[in-house]
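This document opens with one chain alone, in structure tokens, the form predicted alone.
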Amino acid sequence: MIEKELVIVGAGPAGLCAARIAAEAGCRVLLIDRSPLLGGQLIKQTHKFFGSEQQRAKTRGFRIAEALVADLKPFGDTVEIWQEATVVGAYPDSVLTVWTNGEYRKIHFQSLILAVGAGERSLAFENNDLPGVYGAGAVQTLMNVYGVLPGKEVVMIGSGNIGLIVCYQLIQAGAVVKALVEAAPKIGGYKVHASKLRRLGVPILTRTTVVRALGDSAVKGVVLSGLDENWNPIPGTESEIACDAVCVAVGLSPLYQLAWMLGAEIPYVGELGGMVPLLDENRQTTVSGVFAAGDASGVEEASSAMVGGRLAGLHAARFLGHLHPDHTAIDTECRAQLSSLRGGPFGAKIRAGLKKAEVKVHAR
């Protein structure tokens, strides 16, 4: 059994920020990630971020990942990092089991931050298991991490910000986006992203869905159908589009499983993407000493994940008896930034979800 003070699972934007702030407070940190590259979703994001200078506006996602990793280097062995390591079990006696370097290792932790992110949702349609049907995250990984074009002619399903941005990245990489398909009556993402696609001639088809992928051993096209007000396909509206790839970008669901294994209370909160752990104002779950940050506690933008990670790291450190010298100032700043990021009409859904996911009792 390995004894660790603070373990952080997930080295994306939330986990990296949590590790830095906890190390600054004096914690010894073990940061675990299943990927060979640190940065989570940031490493595949080539677009520039919105927001303020505090949230690294006008900086490309992969550059933010590089900066966050560099921020940990001054701490040396205080922040230990396990890469290509997968947490496969979490137990109520504060034990994790990790598969790394071909063996299982058991870790006993004093405090834990779950920054494991979210998984892509799938979409049910005929032949959705054909080679050439991808999730948006897989497309970004192929293009932006490994330099592989997933297809020459692509149909995008879903018009949230991820779908819109990946369309643009596909075009930049040399692919033709044959159509952007959205079941709702209007696009789900920012209009600025959709406007770029319209200027590039990409057809945006609302009230439309994919009913079938065409092909035997690989995608050769899709069949689309219009939808009525009850989201049912309208007979006689079917149309075919030739393509060699279908990209599905229909949202993310928080990865709640480790929190559930530890005994945390996990309700379904649709506004936050699905099953999420209840959290108090300091990001602690209903299990004492176990915190959550980033998409694991509700799907938001990476900027919110970074700020939430800092807040979780700050309070996990305090839980362990390490009070950051600038605790009050950092705490106040993080809460103000989150309030700003969640403001306005686009943040209404998140604000409603967070109210439902608040802890009403003290952590046990």
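Throughout, we count residues from 1 along the sequence that is shown. Computed from a predicted model, the values in this text were never measured in an experiment.
Here the subject shifts to the form predicted together with a small molecule, a form of this protein not shown in this document.
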Site test, Asn127, Leu170 and Leu197 vs the small molecule in the predicted bound form, non-hydrogen atom cutoff 4.5 Å: no
Contact segment among 147-155, 109-117, 269-277, 234-242, judged by heavy atoms lying within 4.5 Å of the small molecule in the predicted bound form: 109-117
Contact test in the predicted bound form: Val9 vs the small molecule, heavy atoms, 4.5 Å: yes
4.5 angstroms heavy atom contact with the small molecule in the predicted bound form for Ala18: no
Any non-hydrogen atom of Thr86 within 4.5 angstroms of the small molecule in the predicted bound form: yes
Contact of Gly308 with the small molecule in the predicted bound form (heavy atom, 4.5 Å): no
Contact residue in the predicted bound form, chosen from Ile162, Cys247, Leu180, Val290 - any heavy atom within 4.5 Å of the small molecule: Ile162
Contact assignment for the small molecule in the predicted bound form, among His327, Arg63, His47, Arg335, heavy atom within 4.5 Å: His47
